[in-house]
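Okay, so here's just one chain, in structure tokens, the form predicted alone.
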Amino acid sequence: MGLLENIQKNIADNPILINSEAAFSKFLELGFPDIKNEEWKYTSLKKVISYEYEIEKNTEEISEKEIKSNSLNFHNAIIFLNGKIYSKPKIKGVTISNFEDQNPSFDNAITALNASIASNGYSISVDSNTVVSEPIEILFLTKNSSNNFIQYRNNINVEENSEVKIVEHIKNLSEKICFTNSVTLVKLKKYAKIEHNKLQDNNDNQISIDHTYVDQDKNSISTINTLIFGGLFTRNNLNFTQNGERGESNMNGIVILDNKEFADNHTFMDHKMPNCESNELYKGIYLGRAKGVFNGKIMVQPDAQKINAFQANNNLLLSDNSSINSKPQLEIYADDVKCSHGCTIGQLDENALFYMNTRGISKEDAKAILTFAFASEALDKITIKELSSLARDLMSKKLNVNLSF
């Protein structure tokens, strides 16, 4: 019995769990996407949905020690244990609660599944004229005695002239598979600003599909940093819509994978209004038999004149068995714009390595310097000191090199 059958049986036994009949019907109509779907051309779900899963059941107790060791330990921390809010901070000007969506939206089979039966998640609302001085950490910890399928549905609303920084981290603490399907809806009012960091340092038993939708009003600034340092299967979908003039959208990603790990980053930037800007930079480093996918699309609508849009996807293959499929796209219907995109796939420069060796730098340190230099442009976008330091440590561990130079 695979995931689809597990879901159908769970609903048959507990029909009250359905949030939206329309969404569940759409999911059953579409089914899980396969590689015949253009958006999933290089990403097969066949294996990950073939496992048998419990639906948000059979969880084990998580200790305070495990919470502390897997957290950045910020003062402002929302902690989920096995899907439920365990603790949340009190922040002046910020309301935090469980997320309830009376009319859940969806635009594909995966988000329809989430809209239909997701029962966990958070809602963060930042009042007007509020600057949250310290980052908010959102930590999802799961520990299960059997393969588990769990869904989160989240909402972030930042009102006018307000600013917030977030670090989101999902962590599976067990040796069983945890399949997480998350949808996050972000709304920025005029002059609002958000930096949302997604830390995906997953073990080999974590499967993650994440959809994030960012809706921006005029003069708002959004930044999403995606840091992938592991995981059996990771699929991220970032969708930005600029609904007001002079909006700015930033997407930065660093992917470092080894063994048979897999990550797919899909981004969509929809420029609807004039005088806006978007910047996108993804760096990938692949070792062992790791595989990556990048698909980035920029859409410039007819009324969106004077747009400045940049997109780049640069990749290092540090193993003969690693691979990356990259597809940057531009679709432009306005004539007064500045748009560019590009993709590079290569290996470390042997001439540079040789030159550094002749100057007394060991081969290992030379590789570390060149690799870190390659990735540092994306890492430099992180403004939270503790997260930047952690990302550097995780990068050092993943590459098995010394980055203390």
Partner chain sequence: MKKEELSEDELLDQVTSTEYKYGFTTKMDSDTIPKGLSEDVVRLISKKKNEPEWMLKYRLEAYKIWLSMEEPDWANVKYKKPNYQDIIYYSAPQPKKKLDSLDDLDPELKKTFDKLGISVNEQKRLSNVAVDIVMDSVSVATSFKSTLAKLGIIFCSISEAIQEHPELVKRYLGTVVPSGDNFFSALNAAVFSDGSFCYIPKGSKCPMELSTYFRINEAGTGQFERTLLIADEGSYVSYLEGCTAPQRDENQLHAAVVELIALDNAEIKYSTVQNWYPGNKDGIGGVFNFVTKRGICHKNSKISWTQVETGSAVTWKYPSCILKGDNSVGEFFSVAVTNNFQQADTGTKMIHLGKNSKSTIIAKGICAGKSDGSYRGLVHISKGAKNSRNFSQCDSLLMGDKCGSHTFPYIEVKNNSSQVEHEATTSKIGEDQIFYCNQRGIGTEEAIALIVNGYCKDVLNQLPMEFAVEAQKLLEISLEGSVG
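Predicted, not measured: the structure shown is a model, and the values here were computed from it. Residue numbers count along the first chain shown, from 1.
Although it is not shown, the form predicted in complex with the partner chain is what the next lines describe.
Report task. State the residue from 379, 49, 67, 337 whose non-hydrogen atoms include one within 4.5 Å of the partner chain in the predicted complex. Result -> Exactly one listed residue reaches within 4.5 Å, namely 337.
Query raised in the report: Which one, 324, 78, 273, 287, lies within 4.5 Å of the partner chain in the predicted complex by heavy atoms?
Result: Contact check passes for 324.
Query - Heavy atom of residue 230 within 4.5 Å of the partner chain in the predicted complex - result: Close contact is absent here: in the predicted complex, residue 230 is far from the partner chain, nothing within 4.5 Å, heavy atoms only.
Query raised in the report: Would residue 61 sit within 4.5 Å of the partner chain in the predicted complex, counting heavy atoms only?
Result: Outside the cut-off, so no.
Query - Contact flag, residue 44 vs the partner chain in the predicted complex, heavy atom cut 4.5 Å - result: Result no; residue 44 lies far from the partner chain in the predicted complex.
Query raised in the report: Would residue 73 count as touching the partner chain in the predicted complex under a 4.5 Å heavy atom rule?
Result: Output for residue 73 is no: heavy atoms all beyond 4.5 Å of the partner chain.
Query raised in the report: 315 to 323, 222 to 230, 249 to 257, 107 to 115: which one contacts the partner chain in the predicted complex at 4.5 Å, heavy atom to heavy atom?
Result: Answer to the contact question: 315 to 323.
Query raised in the report: What residues, if any, in 328 to 347 have a non-hydrogen atom within 4.5 angstroms of the partner chain in the predicted complex?
Result: Contacting residues: 328, 329, 330, 331, 332, 333, 334, 335, 336, 337, 338, 339, 340, 341, 342, 343, 344, 345, 346, 347.
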